[in-house]
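The form predicted alone is given below as one chain in structure tokens.
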């Protein structure tokens, strides 16, 4: 019995450690005053959101919070830049040039910023996610 639980814990930790958003995930799910560690209850909440049974609305809400790096309730150009850097990596080989980054963010805002205020709010984000049928199945922890 202990061997199975230990294997599961190691797999979860490996999955978490490999995630480019691990610091943001911790910050969003943590209830500690410094938001830098997860309690057991925080960890259970995290697992619930990343499970197959979580609704697309719940998943998109937490994805938005994870991607909102400055925690201001919107995804602005800086948030989007940090999001892209997390996905592509920040090494010389993978980092986008300034002009590529600007073009990509311009395209994202063109597609997503319905009210044209220069940011993406939760409603706009959820609208975009609703048009992406693979989002819910890809926003999970795979063991």
Partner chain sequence: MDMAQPLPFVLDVPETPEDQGSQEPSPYDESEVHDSFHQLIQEQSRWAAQEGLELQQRARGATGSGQHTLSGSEGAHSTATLRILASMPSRTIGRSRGAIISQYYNRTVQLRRRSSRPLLGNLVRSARPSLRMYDLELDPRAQEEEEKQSLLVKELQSLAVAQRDHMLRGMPLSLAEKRSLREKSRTPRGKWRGQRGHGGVCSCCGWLRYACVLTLLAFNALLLLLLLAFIVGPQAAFPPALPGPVPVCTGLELLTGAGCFTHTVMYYGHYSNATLNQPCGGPLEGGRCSPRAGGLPYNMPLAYLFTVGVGFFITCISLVYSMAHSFGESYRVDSTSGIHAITVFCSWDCKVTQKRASRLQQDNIRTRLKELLAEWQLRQGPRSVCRRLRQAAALGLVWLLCLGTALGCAVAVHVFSEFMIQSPETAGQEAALLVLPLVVGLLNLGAPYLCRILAALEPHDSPVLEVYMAICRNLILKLAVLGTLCYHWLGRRVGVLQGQCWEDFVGQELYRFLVMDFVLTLLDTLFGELVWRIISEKKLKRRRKPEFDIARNVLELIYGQTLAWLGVLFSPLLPAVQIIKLLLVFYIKKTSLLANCQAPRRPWLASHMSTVFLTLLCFPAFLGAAVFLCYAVWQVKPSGICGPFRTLDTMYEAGRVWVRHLEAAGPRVSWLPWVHRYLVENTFFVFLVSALLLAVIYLNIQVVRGQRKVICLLKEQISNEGEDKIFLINKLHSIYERKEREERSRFRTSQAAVPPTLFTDERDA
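Positions refer to the first chain, counted from 1. No experiment lies behind these values; they were computed from the predicted model shown.
Absent from the display: the form predicted together with the partner chain. The rest refers to it.
For residue 107, a non-hydrogen atom is located within 4.5 Å of the partner chain in the predicted bound form, even though that partner is not displayed.
Although the partner is absent from this view, residue 39 stays clear of the partner chain in the predicted bound form, with no non-hydrogen atom inside 4.5 angstroms.
Although the partner is absent from this view, residue 80 contacts the partner chain in the predicted bound form, with a non-hydrogen atom inside 4.5 angstroms. Among heavy atoms of residue 53, some come within 4.5 Å of the partner chain in the predicted bound form. Contacts with the partner chain in the predicted bound form, taken as any heavy atom within 4.5 Å, map within 97-119 to 100, 103, 104, 107, 108, 111, 112, 114, 115, 116, 117, 119.
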